[in-house]
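The data below hold one chain only, encoded as structure tokens and taken in the form predicted alone.
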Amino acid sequence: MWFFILAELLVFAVFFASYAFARSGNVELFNHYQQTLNRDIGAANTVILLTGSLFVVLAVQAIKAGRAVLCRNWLLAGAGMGLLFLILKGIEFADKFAHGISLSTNTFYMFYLSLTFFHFMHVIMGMIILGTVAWKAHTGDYSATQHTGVETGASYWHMVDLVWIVLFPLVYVMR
């Protein structure tokens, strides 16, 4: 899993570097269209993902204490935060698409849509992982002495969160 997480982080790092390079050649365009993004939703999504990560940390602590049901519940709460993130991001996407914005609108929107959709897909994968781990906790596959799967799923979720912590200020805030 660590190899997979590091590979994913490398892909996002290349994406972020490409964004920064393209932005350096089109500062006015990027600054102008960045103002069309909904920073409130972006900030709310940041809080949502951080809250989801807190829930996942609590799930790991619960399983280490031998509390599989509590672990399952915290994992499902973390996945629920992922769902809330997807709903808000979906509202943002719907607004952009309703205004005729697409990957071909301009360089800024190409990066915005590509980066955020790629992250969107990773949130979905994270929710699937958390759901699977929650199910395994529910069926007794994890315990205080055998909880590597919970920690592994948590690591993936934290990677998704970390990427957003870089993506949000890079795309929505930094000028």
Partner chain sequence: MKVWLVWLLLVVLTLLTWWAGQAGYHGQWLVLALLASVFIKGHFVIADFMGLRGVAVRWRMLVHGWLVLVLGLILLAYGLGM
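Keep in mind it's a predicted model, so treat the numbers as computed, not measured. Positions refer to the first chain, counted from 1.
One more form of this protein should be noted, the form predicted together with its partner chain, which is absent from this view; the next part is about it.
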Given a 4.5 Å cut-off on heavy atoms, tell me which of 65-73, 137-145, 120-128, 48-56 is the interface stretch with its partner chain in the model of the complex.
48-56
Mark F4 yes when one of its heavy atoms lies within 4.5 Å of a heavy atom of its partner chain in the model of the complex, and no otherwise.
no
In the model of the complex, H32 touching its partner chain (heavy atom, 4.5 Å)
no
Considering non-hydrogen atoms and a 4.5 Å limit, does its partner chain approach S114 in the model of the complex?
no
Whether Q61 contacts its partner chain in the model of the complex should be assessed with a 4.5 Å heavy atom distance threshold; does it?
yes
